[in-house]
Every structure is written in structure tokens, then in C-alpha cells.
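Starting off, we have a lone chain in the form predicted on its own, written out as C-alpha cells.
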Amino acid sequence: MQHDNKRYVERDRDWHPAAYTPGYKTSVARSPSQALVSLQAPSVSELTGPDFRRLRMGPHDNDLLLNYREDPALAGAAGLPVGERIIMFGRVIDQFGKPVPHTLVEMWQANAGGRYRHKKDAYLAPLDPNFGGVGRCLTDDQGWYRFRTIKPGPYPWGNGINTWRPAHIHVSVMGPAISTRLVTQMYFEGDPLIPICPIVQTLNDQEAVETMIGRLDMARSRPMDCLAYRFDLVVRGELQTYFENQ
């Protein structure tokens, strides 16, 4: 992400877990077995990227209650998805509170039953015929983004005998180049599965965990419609949101 060199604050890398973390079983196969190679001469693609200000969005790209039925390849989705309707919103800012405008924020999630619309997801929860589980939007001049969706359900995974992932929404935010794309997850405050999740337990600092928790915001909730959760994304420095790919 871009930053002001005169006011740069180095990221605290102690937040990040070791690549080899046996408690999170898939990290065993994914972790590098040899020393990492530093790219001393980055290519043009690593220094430049798309300008999202002219990206044309669909009318409901950020509304997961409606956008699946509008996909012409999915004719047949006609109703609303099942589940607790929520608003997810926040700002993309730098470490000093300066907004990051006109950047692409993408999100994807499981449905209310905890199942993704993906061919490799074999969880026994049913697919929702009216829910695709993906959305995107651009931040405005002040760095704000907003999605309307349903609250995803937790789901079991094969890390242990009875291991469950907390309800979460995956979030991606683009920097000034493709190589600066950042990915994280938003959990929901108060979820008892958060502290016992093996992935969360790889983090060394509770403050890092707190950066990934969306907070209930009753002022932004819509009466008789949606609860709202605020999730700000800090893209650089000591107050940075924990991102998975760093």
C-alpha cells in the first residue's frame, strides 16, 4: 500500500504467526521448506496496477441479497436468501486515519448454513438457491465501503475431530498494484468459536485478533431489516489490520 515516507511506521511483524504452525494442520504442507527469495528488481506488474475509478459496477454488486438473481448465467434464482440480514460497512484508511479512496473491496462468504457455493465444498448444509456469496464495491472519497448480505454460518473442517470455523466473511482490498492485494477475514464480536479456532490461535497477539472482529453498530442498523457491523481496514503501519497474505 502507498504511504507517506516521511511518516512511515514499520509494521509489527511479531503479530504474524510462523509459516509452519502445526496446530493449523494445512500450514504444514503450505509452509516453505527453504529460505525465501527477496525480489530485488520488481517487475512493472508489481509496481503498477489498475485504476479502479473507472471500473463499472453493477447496481447490486455490493448487495448480496439481490446480486445473485441478476447473474444471467443463473436464471432461476428468484427469491431472497435465507438467513439473518446484515450490513457490513467500514472505512479503508492508512495508519494515520487518511482515507484510501476509489479502491476495490471484494468479499466472499458461506451462506447462513455455513456452506460456500464452491464445487469442492461438500458440507451437508444445503446450498441457498438465491445466494451466491460474493460482492464488490469501490470506496468513496472518504474511504467508506458498504455491503448488504446475510450473516454466514459456522462450519466444520478437518483440522481436528470436532473443529469448527467461526462465522466469518473474507475481505480483499486492492493496493496500487495487483501484487499489493491484501486479504483478511471479519469475525463477529461475541462469537464463542473465535478463541478456540486453530487459525485464530496461530496469532501471537490478542490485539491482532481484535483487528479482525466486526463490531455491532446499532446506529447504522436498519429497524425491522438489518443489523450492522463495522469493520475498518487499516492498510499500513502499527495499527494495521491483520492480513493473511503478509
Partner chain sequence: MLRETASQTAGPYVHIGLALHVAGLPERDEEIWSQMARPEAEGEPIEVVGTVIDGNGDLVRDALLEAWQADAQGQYRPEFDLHKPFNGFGRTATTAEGGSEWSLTTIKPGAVTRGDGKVMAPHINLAVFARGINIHLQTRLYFEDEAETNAACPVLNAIESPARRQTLIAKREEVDGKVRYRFDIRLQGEGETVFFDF
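Residue numbers count along the first chain shown, from 1. Take the two forms, find the largest set of C-alpha atoms that superpose within 1.5 Å, and that set is the rigid core. A quick note: this is a predicted structure, and the numbers were derived from the prediction, not measured.
Another form exists, predicted in complex with its partner chain; not displayed. Remarks below refer to it.
Engineer: Does every residue of 87, 140 and 224 put a non-hydrogen atom within 4.5 angstroms of its partner chain in the model of the complex?
Structural biologist: Not a single residue of the candidate spot has a heavy atom within 4.5 Å of its partner chain in the model of the complex.
Engineer: Looking in the model of the complex, any heavy atom of residue 130 within 4.5 Å of its partner chain?
Structural biologist: Result no; residue 130 lies far from its partner chain in the model of the complex.
Engineer: Residue 50: heavy atom within 4.5 Å of its partner chain in the model of the complex?
Structural biologist: Answer yes; at least one heavy atom of residue 50 falls within 4.5 Å of its partner chain in the model of the complex.
Engineer: Taking the shortest heavy atom distance, is residue 112 within 4.5 Å of its partner chain in the model of the complex?
Structural biologist: Judged by the heavy-atom cut-off of 4.5 Å, residue 112 is well away from its partner chain in the model of the complex.
Engineer: Taking its partner chain as it sits in the model of the complex, is residue 187 in contact with it (heavy atom to heavy atom, 4.5 Å or less)?
Structural biologist: Output for residue 187 is yes: heavy atoms within 4.5 Å of its partner chain.
Engineer: If you look in the model of the complex, which residues in 174 to 189 sit within 4.5 Å of its partner chain (heavy atoms)?
Structural biologist: Heavy-atom contacts to its partner chain in the model of the complex: 174, 178, 179, 181, 182, 183, 184, 185, 187.
Engineer: After superposition on the rigid core, does the Cα atom of residue 48 shift by at least 2 Å between the shown form and the other one?
Structural biologist: Yes; that C-alpha moves by at least 2 Å between the shown form and the other one.
Engineer: My question is whether residue 219 is one of the residues whose C-alpha shifts by 2 Å or more between the shown form and the other one, given a fit on the rigid core.
Structural biologist: It does not, since the residue 219 C-alpha is displaced less than 2 Å between the shown form and the other one after the core fit.
Engineer: Checking residue 206 here: with the core superposed, does its CA move 2 Å or more between the shown form and the other one?
Structural biologist: No; that C-alpha moves by less than 2 Å between the shown form and the other one.
Engineer: Taking the shown form as the reference, report whether the CA atoms of residue 93 and residue 43 lie closer or farther apart in the model of the complex; the distance changes by 3 angstroms or more.
Structural biologist: Relative to this form, closer in the model of the complex.
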